[in-house]
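Here's a solo chain for you in structure tokens, the form predicted on its own.
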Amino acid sequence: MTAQLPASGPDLEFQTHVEDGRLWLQTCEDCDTAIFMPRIICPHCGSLRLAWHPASGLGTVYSRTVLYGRPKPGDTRPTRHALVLVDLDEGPRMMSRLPDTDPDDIAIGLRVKARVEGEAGAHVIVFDPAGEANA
């Protein structure tokens, strides 16, 4: 099930920007701070002057947790996947996944690169490893 986007607003603008396959972030034009989640007001200084800019897409895993799902009928092992908090090089921290990476291979400090998944209006940002973990 996909949530319906409003006819306007920061979530719709985010979906429109990431259709080009890149991660975009808002930046406050008054305090020069990059922002994620999309908003209408800067959470740091209260400015309404937010502009969209493409981000590098690079970041570092700050934290991870592994979730276990119930085994499907006929399976004996639970499914599992990792949720990660990634510190983007531009500053914001975002929650996401590394869908093609075994949870045991995700270490805190791992360098990652963002990519866009999903269909129009329901894009999500996920990550892939981009290098070795920083100690």
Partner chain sequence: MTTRLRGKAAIVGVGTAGLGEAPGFNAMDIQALAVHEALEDAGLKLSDVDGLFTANMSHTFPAISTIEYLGLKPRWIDGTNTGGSSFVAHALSATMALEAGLCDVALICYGATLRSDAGRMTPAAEQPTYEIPHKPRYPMTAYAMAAATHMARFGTTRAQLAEVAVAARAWARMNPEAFERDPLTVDDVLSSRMVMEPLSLRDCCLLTDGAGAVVMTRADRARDLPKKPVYFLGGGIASYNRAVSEMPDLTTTAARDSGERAFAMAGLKPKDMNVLQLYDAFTINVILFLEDLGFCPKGEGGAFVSGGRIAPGGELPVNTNGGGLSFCHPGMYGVFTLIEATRQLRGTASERQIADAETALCHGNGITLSHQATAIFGTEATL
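What you are looking at is a predicted structure, and each value in this text was computed from that prediction instead of being measured. Residue numbers count along the first chain shown, from 1.
What follows is about the form predicted together with its partner chain, which we do not show.
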Although the partner isn't part of this model, could you tell me whether residue 47 comes within 4.5 Å of its partner chain in the predicted complex, counting any heavy atom of the residue? no
With heavy atoms only and a cut-off of 4.5 Å, decide whether residue 120 touches its partner chain in the predicted complex. no
Whether residue 31 contacts its partner chain in the predicted complex should be assessed with a 4.5 Å heavy atom distance threshold; does it? no
Close approach of residue 56 to its partner chain in the predicted complex, 4.5 Å, heavy atom: no
If we check its partner chain in the predicted complex, which of the residues in 80-116 reach within 4.5 angstroms of it by a non-hydrogen atom? 80, 81, 83, 84, 85, 93, 94, 95, 96, 97, 108
